Structures are given as C-alpha cells and as structure tokens.
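First, one chain by itself: the form predicted alone, in structure tokens.
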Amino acid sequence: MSRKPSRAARRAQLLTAAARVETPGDCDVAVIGGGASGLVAAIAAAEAGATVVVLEQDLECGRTILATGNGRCNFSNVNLDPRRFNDPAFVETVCGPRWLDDILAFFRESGLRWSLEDERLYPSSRQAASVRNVLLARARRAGVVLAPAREVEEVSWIRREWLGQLGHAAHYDPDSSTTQPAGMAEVAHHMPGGGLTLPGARAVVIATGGTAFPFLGNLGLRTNRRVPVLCPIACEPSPLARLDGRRAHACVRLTKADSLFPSWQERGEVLFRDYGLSGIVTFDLSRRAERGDLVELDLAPDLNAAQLRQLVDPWARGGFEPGCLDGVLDPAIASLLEELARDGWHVDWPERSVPTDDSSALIALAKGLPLVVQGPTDTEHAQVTRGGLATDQFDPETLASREHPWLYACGEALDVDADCGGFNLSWAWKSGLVAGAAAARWALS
C-alpha cells in the first residue's frame, strides 16, 4: 500500500509544479489573489476576451475555499440582503437586484449543482472541494494562467514616456481624461528562492482576501484597520464556565455598554465554552459586540415568562422543585440555573432589577442568562477579516479605483463583511464578477 507523502514532500511537489507555470511577459489583466473572488474575477475577465494571469501567494489556488462552512461550503443564501453587511449601500449598488440569479447562473454554467438547507445553499456533494474544483476547471478552460507560490512585491503604473514610447496619451488626468492612459501596470513578484519577475498588465484586480497590501504602498490608497470577525466571544469569568461543551438553542440579545435596551438579537445554537460562547449565532454576534457589552441568552425562546412560571412555580409560592425545567432545557444547564437562582447570582447592570424570590430568579436566568463581553477570541481561526481598502475610493458600478482607473478590487480586499450564512461568499462571487468584467473592458478598450 502506497504511503501518503509527508507535508514537506507535498510542499516540495507543489513548489515544483508552481515553478513549471510560465507567466507571460505581459497580459491584459493580472489578478492578485487566487481565492474565491480572485478566481471568479479571472474567469469573468478571460471569458470577456482578456488574457489573464492569477498570482497567488499560497502553494495552490482556491485553498481558502476548502475551509468554508467547515468543509461543506455554504456558498450562498436564498435571502441575500445588503442589510446583513457592514456597508449595505455600497453592497447594494455593486450587487444589483438580481444578485442571487447572477451567482446561481454562474455556478450552473460551471457545472455545480446544489441543495437547500433552511435558507443556505450547499453543493450537492456537501464538499467545498466541489466548488473549488469547478472554478479551477472553468478558469483553465477560459485560458487563465494560474500561477501559485507568487508573492507580489509592488504594483505601479508605468506610462509610455517612461518606457521610451512617447505618445499623445502619455499623461492621464482622472479629472479630465475620458480614455485609458497609455502604459502598463508593473506587478513585481517572486517565488520562494526565485528571482524577481516583472510582468506587465493593462489592468490589475486586487483579490487578496484578509491579508495586508504592502505592495500597494506607493499608490496612496486608504486601508481601514484589519479586525477578525466571525469568531468566538470571550466573556468575563462566571459560573457559566462550568457549562463548557454544552449546546443550547437560544435567542441571543446584545445590549451595548452605553444603552439600556437591546440593539440586536438573533436565534440559533450557542456553544458554551469555559472562556465564553461559540457557535454560528455567536460568530454573528462577534461582528457587533465590544468589551463591556451585555449578552443575554433566552434559553426558552418559544415560551414566555408566564408559561415558564406554570412549570417552575404554578402555586406562586416563590420556590421551585429540582428538575422543574428538565423538560425544557438541557438538564445540566437547568441544574446550574437552579443553583445560581438559589444563590442569588446575577450580573450588575443599570436598570436591571434583582428578583426577590427563587422562582422569579430561575425564570429570569432562563429568559435572560447574562454574560459580559470581553472581546473576540480564537481570532486566528476567524472566518472573515473586517477592514481593508476603504470602499469610498472605488466606483461601485465597476469596482475600479477612482484615482487609479486601471486598478480594481473585489471580495475581502475591500472593507466589506457580513454575517454567517453564505453572505460573505456571495459577496466574493458577485464582486469578482463585477471587477473581472470591468477590468477586461478597460484592458481591451
């Protein structure tokens, strides 16, 4: 039986394969980043007639797709809504009214088939590799040169007079010119252990995901600070740490530190951890919660307080019998809530009254189990990074830079992020389609 190659051997194989990829001396469109948005942008540009090269820092293109949705790739959502994003007006203009139709048409033409779970769309195989493989195959059919293991050093625009090719269009003034500036974008990059290469491109698409952009430093673009989101939340130490590993379906409410009323709520499964909370609904919470905010878990969202009282204290005597909520809650969670109610445990918060009897305390904990936020944690495994290129620098109709019209951006390179549920990948696909098609029009004009 053949043995699986070691990690080092596999890396050496991939580097060898990457070194065999020959990049042309120049191309119409260079895409920096071969993840979700970068592959779609490359396909859109190539199918519009442009010659396209993808420069990817990783050893393979599309690797980041494999980790999405815990390997199942929740690639879109039937209820796409710009309000689920941090910059809804920009997203709405970029994506247009037929956002989902455009995404599904693209993947249908790529050979992907899918299934629906609640509002979420998954490949029929439930394997993220299916999404990645159809994208790679379509890119190759379109003639895209996929060049992994390339680290970009600098991107700059070289006008004709600098190349010794003088012409009347050598100078470009974005305020007065209506035509493309004559010249090429110089994209300096190298491979590990290799020399510097300098291909030229008539247009460049930035699709580098949540990484920094040191290669754009000479272009003067504003970048908002990178912050990991869609990750677990650490909370102030409390007895709830004893529930580590327990799960509950809850309605999660968030009250900001400077407010008396909840500003956000969402239902879903939460996972108790010794440091705080995890789970999908917690990931959405991480986009909004800050240190000092209050999180309350309604562990019985389908029952109101009066209905709970019929189970806890039907004779209004102020007490309760052990196990009275075992038919509603995880018995381990119910047992801890009983203990905390008898001990009078609570979190100090402005305008929050303290129950005067045990039954009222138990009901209050079941309907609003409180935790005080410390901040995001396990950020190295965050699903998305907020921040990136400030969106006001880009035309939402084309995703072209307003100052450098040969430069485009898409996906997580822009300061756009959203909740869990296929929204972030939907942005990657659609913004890639927009940027790639527009870059090709520019390059071929």
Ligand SMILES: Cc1cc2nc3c(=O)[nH]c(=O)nc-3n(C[C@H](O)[C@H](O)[C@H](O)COP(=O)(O)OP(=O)(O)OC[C@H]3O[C@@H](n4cnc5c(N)ncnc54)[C@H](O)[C@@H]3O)c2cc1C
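All residue numbers refer to positions in the sequence shown, first residue = 1. As the structure is a prediction and not an experimental result, all values here were calculated from the model.
Although not depicted, the form predicted together with the ligand is the subject of the following passage.
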item	value
The ligand in the model of the complex: contacting segment from 133 to 141, 208 to 216, 94 to 102, 235 to 243, heavy atom within 4.5 Å	208 to 216
The unique member of Ile43, Ala30, Ala36, Leu399 whose heavy atoms fall within 4.5 Å of the ligand in the model of the complex	Ala36
Residue among Leu294, Val270, Val152, Leu365 with a heavy atom within 4.5 Å of the ligand in the model of the complex	Val152
Proximity of Thr391 to the ligand in the model of the complex, heavy atoms at 4.5 Å	no
Exercise: Val384 in contact with the ligand in the model of the complex, heavy atom 4.5 Å	yes
Heavy atom of Leu433 within 4.5 Å of the ligand in the model of the complex	no
is_contact(Ser286, the ligand) in the model of the complex, heavy atom dist at most 4.5 Å	no
Residues in 48 to 69 close to the ligand in the model of the complex, defined by a heavy atom within 4.5 Å, in order	Leu55, Glu56, Gln57, Asp58, Thr64, Ala67, Thr68, Gly69
